[in-house]
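Starting off, we have a lone chain in the form predicted on its own, written out as structure tokens.
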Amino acid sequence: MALKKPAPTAPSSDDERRLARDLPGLLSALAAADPLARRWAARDLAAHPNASRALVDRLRIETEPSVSQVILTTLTRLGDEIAVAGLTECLRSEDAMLRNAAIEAMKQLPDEVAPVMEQLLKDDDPDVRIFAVDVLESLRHPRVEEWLIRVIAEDPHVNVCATAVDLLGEVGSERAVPTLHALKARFVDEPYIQFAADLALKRIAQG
């Protein structure tokens, strides 16, 4: 009677975490061929404040979306200067999923993101400036309105201003009114700017 070869068993979480869980072991696992091992390593590195650089470096080359997502979550939990810089760099990514995930992560770090926000809003790339405004959408920071007012007062790109004025219609106060009128005068031939600025002014007037 022929012997039947036992069916292979699916790896358990213990198999995926078989390397040492100290920092050197986790950094080795972060570079493993197995994406499950990389995912566990990225999650467990949240307990190591010195892991941000390795996580950012891995994020730049990671090809498995589930691993990238865990890396972003861990960077959000660490929230140090290196982590924030890594999240910020994702705003330049051609990968829309990664970029949007980084935007959501940055929204959770208002105090940590604030020091780099002015630089982002003055970036040479208008797309990066737009994404920075997207971060402001849910960024619970007292300077959000100030930043938005500065954008619509100074940014030369109509799409950046349009994104900012949309948000200003939701969070703006009386202090934004003069700048909204100035924006209308600056982009007098742009129908959307006229519409969005009028809507923002109406919402502010209604309190």
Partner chain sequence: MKRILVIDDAATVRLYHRSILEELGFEVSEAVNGLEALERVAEGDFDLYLVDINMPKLDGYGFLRELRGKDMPQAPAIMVSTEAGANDQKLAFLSGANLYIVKPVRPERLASHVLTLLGMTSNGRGAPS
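Positions refer to the first chain, counted from 1. Because the structure is predicted, anything quoted here is derived from the model rather than measured.
Omitted here: the form predicted together with the partner chain. The next part is about that form.
Proximity of 43, 124 and 129 to the partner chain in the predicted complex is absent: no residue of the three has a non-hydrogen atom within 4.5 angstroms. The partner is not drawn, yet in the predicted complex one stretch among 154-162, 60-68, 43-51, 25-33 has residues with heavy atoms inside 4.5 Å of the partner chain: 154-162. Residue 94 belongs to the set of residues with a heavy atom inside 4.5 Å of the partner chain in the predicted complex.
The partner chain is not shown here, but in the predicted complex it comes within 4.5 Å of a heavy atom of residue 166. Proximity of residue 196 to the partner chain in the predicted complex falls within the 4.5 Å heavy atom cutoff. Using a 4.5 angstroms limit between non-hydrogen atoms, residue 99 touches the partner chain in the predicted complex. For the candidate set 118, 104, 112, 89, a heavy atom within 4.5 Å of the partner chain in the predicted complex is found for exactly one residue, namely 104. Contacts between stretch 183-207 and the partner chain, counted in the predicted complex as any heavy atom lying within 4.5 Å, involve 189, 190, 191, 192, 195, 196, 199, 203, listed in sequence order.
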